[in-house]
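Next up: just one chain, as structure tokens, the form predicted alone.
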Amino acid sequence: MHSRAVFSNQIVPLLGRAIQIANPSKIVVVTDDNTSKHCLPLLKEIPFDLHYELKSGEANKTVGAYLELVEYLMQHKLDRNTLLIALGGGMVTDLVGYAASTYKRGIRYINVPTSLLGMVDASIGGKTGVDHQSIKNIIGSIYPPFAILSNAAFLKTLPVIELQSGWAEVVKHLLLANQTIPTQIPDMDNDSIAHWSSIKHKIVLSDPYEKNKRLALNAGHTVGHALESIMIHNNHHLPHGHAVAAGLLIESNITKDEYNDAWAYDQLVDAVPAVFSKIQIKAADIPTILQFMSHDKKNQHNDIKCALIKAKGEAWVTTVNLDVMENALLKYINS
């Protein structure tokens, strides 16, 4: 069952209640080096038994980091009634969720997202995974958390670049819900974040294992993941949301040019550049970017597929010709 995210200023008693219901044998809080410092002190009243710290950043969401966490659980002889608490952004919830889904064939975990990206997207829907050979989430599972609990107050610890990263997913959700996209990031509170996250939750409930309707949530991600991968390949860091924002704009250009539907493009052409800097890629990068797209999980029979958004938030997954994709990337580079 996919949990609805709960946002509250009273996160500690809510988390305590969730732990009471779970009645675990042991509780392991998993953080990264940032959330250890800024967020873990806010949960000091939670009676966890162990604390495990990951290195922060997408570059550390690896098979090796996953195996190190599993080995830690093994070293402490933790049983199947163990509860993991993932306290962090999407990198933490992705990796911890994958470890939970595989350790002893599945143990429970609670997501406590601390980034906007984690709150509105990564922690919701049960997608877990790690990156491998510069390819985003190539190894993973769909394994829903026991609960999702957070507080907008966590966002006060974030740099602007991380708020921007989460905002890209909000933009995608607003497109799919046919709602107005602001040209600047508004003030955040628990109510607004709960509304944005509920858009994804509703879609996930209609298609938990991504067979049809849930594929719409991949809008911007075929291009976005490839942009992330090329930057990792070139030893540069590109936040996920920045890549998705560019991906949404590039894919909307395909919808405009190939399907004569400019609705999404018209929503994004001002909203994306107003918040996000242009990603510095070159025409010479395009063959490698296309190669990374060939690994996208939506693909079938070696065709590149995109979740394109047409008028009023309707979306469909379709094959995109390589020449069409190359042209869309060139338009972005030259814009």
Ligand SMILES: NC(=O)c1ccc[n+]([C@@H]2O[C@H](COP(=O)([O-])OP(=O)(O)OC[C@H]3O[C@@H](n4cnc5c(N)ncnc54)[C@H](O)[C@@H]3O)[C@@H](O)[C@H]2O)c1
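Because the structure is predicted, anything quoted here is derived from the model rather than measured. Start at 1 with the first residue shown and count on from there.
Just so it is clear, the following notes concern the form predicted together with the ligand, a form of the same protein that is not shown.
Visitor: Heavy atoms within 4.5 Å of the ligand in the predicted bound form: does Phe154 have any?
Guide: Yes, Phe154 sits close enough to the ligand in the predicted bound form that at least one of its heavy atoms falls within 4.5 Å.
Visitor: Taking heavy atoms and a 4.5 Å cut-off, does Glu53 contact the ligand in the predicted bound form?
Guide: Glu53: no, not in contact with the ligand in the predicted bound form.
Visitor: Does Val92 reach the ligand in the predicted bound form if we count a contact as any heavy atom within 4.5 Å?
Guide: Contact check for Val92: yes, within 4.5 Å of the ligand in the predicted bound form.
Visitor: Using a 4.5 angstroms cut-off on non-hydrogen atoms, would Asn190 count as touching the ligand in the predicted bound form?
Guide: Result no; Asn190 lies far from the ligand in the predicted bound form.
Visitor: Would you confirm whether the three residues Ala5, Arg108 and Ser150 all fall within 4.5 Å of the ligand in the predicted bound form, going by non-hydrogen atoms?
Guide: No, the candidate spot makes no contact with the ligand.
Visitor: To test your reading of this chain, name the stretch in 158-166, 174-182, 261-269, 100-108 whose heavy atoms come within 4.5 Å of the ligand in the predicted bound form.
Guide: Among the candidates, contact is made by 158-166.
Visitor: Using a 4.5 Å heavy atom cutoff, which residues in 121-160 contact the ligand in the predicted bound form? It's fine if the answer is none.
Guide: Contacting residues: Asp121, Ala122, Ile124, Lys127, Lys136, Asn137, Phe154, Thr157, Leu158, Pro159.
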